[in-house]
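Take a look at this single chain in structure tokens; it is the form predicted alone.
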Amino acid sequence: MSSLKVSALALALALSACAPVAPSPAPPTEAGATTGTGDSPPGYAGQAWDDILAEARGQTVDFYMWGGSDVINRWISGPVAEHVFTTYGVTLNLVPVSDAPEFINKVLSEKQAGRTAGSVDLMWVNGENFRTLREGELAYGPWAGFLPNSALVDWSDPSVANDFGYPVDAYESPYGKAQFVMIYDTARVPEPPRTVANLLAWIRANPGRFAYAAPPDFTGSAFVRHVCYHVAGGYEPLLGAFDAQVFAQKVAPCFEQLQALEASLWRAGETYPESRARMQDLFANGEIDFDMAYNPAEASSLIAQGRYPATARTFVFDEGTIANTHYLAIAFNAGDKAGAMVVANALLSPELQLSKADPSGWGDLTVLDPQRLPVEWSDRFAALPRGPATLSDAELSARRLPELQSDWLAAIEAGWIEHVLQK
């Protein structure tokens, strides 16, 4: 195995520049509301939202999250921190980490040490990390349904109610949505292949012009899953709890296809881009003809920054692309639970969700249901400018595919390493 392949296992992500919060009147579900639709959280029986607000004032919330994007970091420590301090008297302390297991291990260590007032309050999690928290009894809850702004979320949506197939059960609050898109340059590829099968054929016919980041990179792993969905005849056989027999029958052939594809990849598959950032550089420099992202607005943001050509565009496969939701959780022993709930509620406010969705900044998809918003707010979301490379919400939502449960993801990544990377 090439030593260059081994180095491809690092995970990184780069997103776009960040927009300030748009000036606006406070939405009706902010301060002054009583509660959401859920029961009182543990330790707050019989209390109303105003009691949470009163307890939160003066607290400092330590927010642990992946810190690999300067754009997101600036948005959290700038507009979000200013909003919660000015409106609620809560200080938000961003604690960036390279990966979620860092803070999960911290919470676990504190539990083992019997620490009841921990150092971690709020956490940005999803997928396997949330499941680890729940199964280890490291997450506080249920609490998310108590937030006033939770009434603006469509909890009947399976992609919201389940985190990578694992029930949320109000132990985390939705924060944003993502959907995988392919990025291409119309000046180089006027008509891109719009199915996975046709893309694989294009790669073989155009050796050296395609790459994907090595799993466990988030987008590279997602590309592999799309190929596995295709080889399995669809995602349906892979839903539900992990099944080793189904994995052997339906997923193992996927690795054979990916291994056979290596000779047609960038640098003949001797090395894989190690991160999302590296993929961006390769595409921007014209070394490869396709990029990929979990943020549908990312290409437009990179065009605006002058990093991608104005002719860059995105598409989703005709059979659909994988979509998911990211969330906020509270540590079981958080020292500032009230403050953490207030920050999570603020991050569900139309004001901050609008700021986060602005394609001139992060461009993260909102988790709010337009049908549940007051008309003036739904109009403002509808009026957000869409960059030249950003697909419509209608096209994206019509082609959303589900994520698999975390054991499937772990098995697919391990299988790729064994049968593709190490061959």
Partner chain sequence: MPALLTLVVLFGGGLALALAQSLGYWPALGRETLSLDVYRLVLSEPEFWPALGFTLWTAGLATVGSLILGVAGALLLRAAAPGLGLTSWFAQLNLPVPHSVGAVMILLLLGQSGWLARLAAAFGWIERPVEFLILTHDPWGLGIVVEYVWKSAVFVAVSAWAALAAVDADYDSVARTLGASGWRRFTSVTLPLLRPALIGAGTLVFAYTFGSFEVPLLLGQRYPSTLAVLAYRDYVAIDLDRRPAALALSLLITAVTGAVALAGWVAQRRLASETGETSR
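Treat the numbers as computed from the prediction; the structure is a model and nothing was measured. Residue numbers count along the first chain shown, from 1.
FYI, the form predicted in complex with the partner chain isn't displayed, but the following is about it.
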Query - Heavy atom of D185 within 4.5 Å of the partner chain in the predicted bound form - result: no
Report task. Find out whether any non-hydrogen atom of Y272 is located within 4.5 angstroms of the partner chain in the predicted bound form, and reply yes or no. Result -> yes
Query raised in the report: Should I412 be classed as touching the partner chain in the predicted bound form when contacts are defined as heavy atoms within 4.5 Å?
Result: no
Query raised in the report: So, in the predicted bound form, is Q112 in contact with the partner chain at a 4.5 angstroms heavy atom limit?
Result: yes
Requested in this report: Answer yes or no: in the predicted bound form, does the partner chain come within 4.5 Å of a heavy atom in every one of P101, L108 and R278?
Outcome: yes
Report task. Let me know the one among R194, R204, R307, R267 whose heavy atoms come within 4.5 Å of the partner chain in the predicted bound form, would you? Result -> R267
Query raised in the report: Any idea which of 299-307, 326-334, 239-247, 207-215 reaches within 4.5 Å of the partner chain in the predicted bound form, heavy atoms considered?
Result: 207-215
Query raised in the report: Though the partner is not shown here, which residues of 276-313 have a heavy atom within 4.5 Å of the partner chain in the predicted bound form?
Result: R278, N285, E287
